[in-house]
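What follows is a single chain, given as structure tokens, in the form predicted alone.
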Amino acid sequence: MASCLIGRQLSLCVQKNLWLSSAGCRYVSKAAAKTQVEYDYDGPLMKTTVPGPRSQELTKQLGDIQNVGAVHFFCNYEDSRGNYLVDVDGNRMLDIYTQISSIPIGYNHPALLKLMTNPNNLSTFVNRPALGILPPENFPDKITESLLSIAPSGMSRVQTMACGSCSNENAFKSIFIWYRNKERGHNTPSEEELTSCMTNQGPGCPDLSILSFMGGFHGRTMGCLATTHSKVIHKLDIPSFDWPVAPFPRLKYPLEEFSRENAQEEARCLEEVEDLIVKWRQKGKPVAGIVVEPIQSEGGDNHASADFFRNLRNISRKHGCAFHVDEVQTGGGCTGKFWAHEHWGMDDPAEIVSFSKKLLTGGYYQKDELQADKPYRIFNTWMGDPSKNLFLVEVLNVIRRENLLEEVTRSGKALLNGLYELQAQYPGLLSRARGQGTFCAIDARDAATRDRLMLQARDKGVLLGGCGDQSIRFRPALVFKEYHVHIFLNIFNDVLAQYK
């Protein structure tokens, strides 16, 4: 099947100006010159409303087995390619949400399909080992070739995991182990610690905490939920830890017009962080680590300045807390740099950097001193998936060969400028356009309007994602080019014009 797909896709060429010159394209800005994307479609093609009849039928069928309240529609992944997702009713949509920001180089990329046809890779796909005890022969080489080749500054150790939540969960555990060994002055626990931990009591289960931020999202497992504060539905009815939650800056946009007010807001939040660290130490629940996203994503695409993060890093050093940068959504190139924290300009950005989504596997980088001190302390059955490292090597090759980070910067500039124009054209509907690279967002006037705009755009062939209270977030693949931006802007402008 893979070779068949390759043949079909390599024979498909983008019709360079067909879609942008069509009568339905009424966006006023200059159309970008197009670059060949040999496996992409030439534009959206809609046959039904979404979800269509077949999707509705499948949703009912799955509803007898699972909760399907979150299912949008069913997909035909075999026919999807490049920046376009095809559903089971034959609707072809420009995907600017990409499986919750997790598709790095588009659907069915030829380089990845070719990888599947290599017989030398078969055993990696067929056999999924318990990596912590029985890794394959080529695992060190593949880790070096993939994850270590993009390691954040100052880090040479990486621990693979399966997803973002388990990456953050185990990163928290690494922080707690490091902190307790630092308190002891050695890594040999007492007999009392060994026995008391078995009944969930101290001192073996110490009252340590992780400081997080209001609006942050770090996962849905138990420890991660204690640091997740984006939506009520994630946390309702789930017991949690008494851990400190600091305010995250609520900046005014455009940033350059509100520099003084935004600096004051960031200073207020930093002061609160220090106050909480002191307060929780006095409560007997010391803050062992601080976790933060470079851009709060699920919580509403909330930005902060490089100075804010540099000062936050200094606070962590001052109080002896590990600094954990959660790059699960921002890592992989979508901000124009491979890691969003690179925009801070720091040589020593963190003790731990977690990742997943666009890197296809989960895990976290860590400094040497946060390496687990004994076997089985950071452990689960699979601890990742070697096949994902094979894919990641090819993804990185494509990123480098096609200069995709530069492409992201160009496309992101076009997208953000287009959003600025649309919010100026429709001030009663849109506001607060913001972004870094193609990692962009804009606010609708309220949640109900946001949801209607997204549904109407979907029926016209554009998939978007929501976040926060009323934001639309843009999460295209790295192969999203300037002419894709204009296809989106044309369609979205048509949707907005219905509200005049």
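The numbering used is simple: start at 1 and walk along the sequence shown. These numbers were taken from a predicted model, which means no experiment stands behind them.
Unshown form predicted together with a small molecule; subsequent notes refer to it.
Interface membership of residue 333, defined by any non-hydrogen atom within 4.5 Å of the small molecule in the predicted complex, is ruled out. Remark: residue 211 does not count among the residues lining the small molecule in the predicted complex, judged by a heavy atom distance of 4.5 Å or less. Although the partner is absent here, residue 163 lies within 4.5 Å of the small molecule in the predicted complex, judged by heavy atoms. Although the partner is absent from this view, residue 219 contacts the small molecule in the predicted complex, with a non-hydrogen atom inside 4.5 angstroms. Shown without its partner, this chain lists 301, 293, 351, 87 as candidates; in the predicted complex, only 293 has a non-hydrogen atom within 4.5 angstroms of the small molecule. Of the residues 357, 341, 229, 109, just one reaches the small molecule in the predicted complex with a heavy atom at 4.5 Å or closer; this is 357. Here the chain stands alone, but in the predicted complex its contact with the small molecule, taken as any heavy atom within 4.5 Å, falls in 211-219 among 143-151, 211-219, 384-392, 270-278.
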